[in-house]
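Given next, in structure tokens, is a single chain: the form predicted on its own.
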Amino acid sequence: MADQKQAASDKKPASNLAIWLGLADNSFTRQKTVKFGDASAVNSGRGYGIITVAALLLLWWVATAFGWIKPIYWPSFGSVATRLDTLWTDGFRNVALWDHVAISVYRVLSGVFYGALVGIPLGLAMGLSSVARGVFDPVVEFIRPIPPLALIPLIILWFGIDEFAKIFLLFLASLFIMTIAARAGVSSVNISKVHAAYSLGASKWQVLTRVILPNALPEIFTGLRVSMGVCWGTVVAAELVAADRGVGSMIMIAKNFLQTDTVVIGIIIIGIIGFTIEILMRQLEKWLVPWRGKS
């Protein structure tokens, strides 16, 4: 009787909340007989993520409340909350907090957009043409390892200190990542699919748009996600170029006046926005590339 009750409880479906939190398998992952090594068998793990964030916030409060990190100055949870309320109400240096956030998001998205607009076709060309690879590969491989920060003096000399200079710096940070991602995507296409398409009478354009590009999209999306992270890491430097608005500018100005709580708020804002964009990119990838990992 006890065994029957245990079997019945094992067959009882998990709640939707437990599945959403990643604390229980959904109908798809329950069918997996082998889970280790199969990425599609890994659930979201949101519950563990919530626990981690809560633990970090608790550690922050406890450490600053009891003075555990005195050798390294870090503002208390209360002072950061108070400063955030002030920034939310009065802004920072006569500019609303949301204006600082909006201009930084605009710069990052613009840099990634233009980097993808140029880098994806360039990477596809390098993966499909010997001429394009021979012409562009030395340039790409030479400039790609150079940190975008090292280009700031040249960008100021060439383009001044206007908005274009900041977006151009982020464009360069994104361009070569997208180029390498698109080229890697072409290299990952199964050649048997290309041969099958040609044998069915497909033209070169059809092979490009219906075979190569769909199979390269997973790598391209990975490049977009990496590019977004790099550009968020570069936006602080980009806004050093005589910027009076932006989260990076806010952080640097606050640093000069020893407003560490404002610096922490800026760091948290950048992290939250970057994380939000990453989540949106994952959902967009699931929608546009549902075949990822299934070919």
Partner chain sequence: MKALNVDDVSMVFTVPGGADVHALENVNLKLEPGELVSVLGPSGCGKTTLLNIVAGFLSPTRGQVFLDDDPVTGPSAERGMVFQQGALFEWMSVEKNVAFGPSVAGKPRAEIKKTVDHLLSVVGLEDFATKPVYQLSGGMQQRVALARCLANDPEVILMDEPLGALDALTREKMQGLVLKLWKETGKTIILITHSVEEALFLGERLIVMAPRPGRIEKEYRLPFAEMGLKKSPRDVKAAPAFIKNREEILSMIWEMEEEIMGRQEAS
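Only a predicted model underlies this, so the values are computations on that prediction, with no experimental measurement involved. Numbering follows the first chain given and starts at 1.
Same protein, other form: the form predicted in complex with the partner chain, not shown, and the subject of what follows.
- With the partner removed from view, the residue among A165, A125, A197, L149 that has a non-hydrogen atom within 4.5 Å of the partner chain in the predicted bound form turns out to be A197.
- This chain is displayed alone, yet in the predicted bound form one of R133, R83, K193, R225 has a heavy atom within 4.5 Å of the partner chain; that residue is K193.
- In plain terms, the part of the chain that comes close to the partner chain in the predicted bound form, with a heavy atom within 4.5 Å, is 184-192 out of 184-192, 93-101, 138-146, 111-119.
- Within 4.5 Å of any heavy atom of the partner chain in the predicted bound form lies no heavy atom of P75.
- When contacts are judged by a 4.5 Å heavy atom cut-off, T89 does not count as touching the partner chain in the predicted bound form.
- Although the partner is absent here, S129 is not a contact residue: none of its heavy atoms lies within 4.5 angstroms of the partner chain in the predicted bound form.
- When contacts are judged by a 4.5 Å heavy atom cut-off, R210 counts as touching the partner chain in the predicted bound form.
- For the stretch 200-216, the set of residues having any non-hydrogen atom within 4.5 angstroms of the partner chain in the predicted bound form comprises L200, G201, A202, Q206, R210, V211, P214, N215, in sequence order.
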